[in-house]
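Encoded as structure tokens, the following chain is the form predicted alone, with no partner shown.
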């Protein structure tokens, strides 16, 4: 067997491992007694427009509904998405022939990395970062280079990034709104970053599944700031469709060497086996491409959980986007803090796997009832450190 694959399977994702533990506890003592903040799995129902689009698609002939589509996706679906992006971000923001529909966000990132990297090329990630970035970078033959975010804002530390760039640096992954901190990167910081990257011909991979989930913040359209950008998007969060695995990679029209980058993306999808994203949900997203996300529900969850944390004296980062709270652990060892929380049936992801010590992540995409019922556990956890 391939030893690297075995190692990835044997160690598992710390997030998924905690979620599996939570599932076992729910089966043992009842879901109402477990406060599971582990996964970024939306509890908000998919919009009604999704159900209507599914029902309409089901009237198509079976061979059309369930048949293969072109590898990059149905032409009319890609055209619809491109038109939506141009309406939102300006004429020329996207073109149908620069879109490659994918099996969710994981496929987006894997495709981009495999399209770009040669063996031992380096990819910068901004810590804290989504742990699977390292897996996908290494699987593509690259080297993951961690650069800590600015401690005050959790935005990119541009000077530190510049210092980390070498002649092997091929790309940087930028995730805004950010998982796990909820930070939204400002246009000013992104412009400074763009100037540094441009001087070294580094590609920026914009991982944007949380773009629509913001609380009064503006998320800059990065290709308008830096042309050498590949955009990765998923409908998992905005339309509450994580299990349907539908998203896209965009090579913007202004991308240098667009004519060669597009087939590189398609070729990466081919070699990885990510050809022909789910046909039913290609049609669904075409009908729902401009349906707004239910941001108010997540904002209410944030307010409810931060009120509990404030009452117990926890320190946390006020999120400007996404649906997580980044909470400072009450001891330096985040894993030990997470284990103590588990004893109270409180499932919090330790920050170690995100590339930094001393914090935990709590997903606020859970039901409001879970948040309200968790208050005594949060209080007991804080009291255990006094």
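None of these values were measured; they are calculated from a predicted model. Numbering follows the first chain given and starts at 1.
What comes next is about the form predicted in complex with a small molecule, which is not displayed.
*Asks:* Just one of 73 to 81, 174 to 182, 188 to 196, 256 to 264 has residues with a heavy atom within 4.5 Å of the small molecule in the predicted complex, so point it out.
*Replies:* Residues of 174 to 182 come within 4.5 Å of the partner.
*Asks:* Does any heavy atom of residue 133 come within 4.5 Å of a heavy atom of the small molecule in the predicted complex?
*Replies:* Although the small molecule is absent here, residue 133 would touch it in the predicted complex, with heavy atoms inside 4.5 Å.
*Asks:* Flag residue 245 as yes or no: does it have a non-hydrogen atom within 4.5 angstroms of any non-hydrogen atom of the small molecule in the predicted complex?
*Replies:* The answer is yes: residue 245 has a heavy atom within 4.5 Å of the small molecule.
*Asks:* Using the partner position in the predicted complex, report whether residue 298 sits within 4.5 Å of the small molecule, counting heavy atoms only.
*Replies:* Because no heavy atom of residue 298 falls inside 4.5 Å of the small molecule in the predicted complex, the answer is no.
*Asks:* Using heavy atoms and a 4.5 Å limit, would one call residue 106 a contact residue for the small molecule in the predicted complex?
*Replies:* Within the cut-off, so yes.
*Asks:* Given that the small molecule is left out here, which of 269, 98, 128, 209 has a heavy atom within 4.5 Å of it in the predicted complex?
*Replies:* By the 4.5 Å heavy-atom cutoff, the listed residue in contact is 209.
*Asks:* To verify the annotation, which of these, 236, 229, 282, 114, has a non-hydrogen atom within 4.5 Å of the small molecule in the predicted complex?
*Replies:* Exactly one listed residue reaches within 4.5 Å, namely 236.
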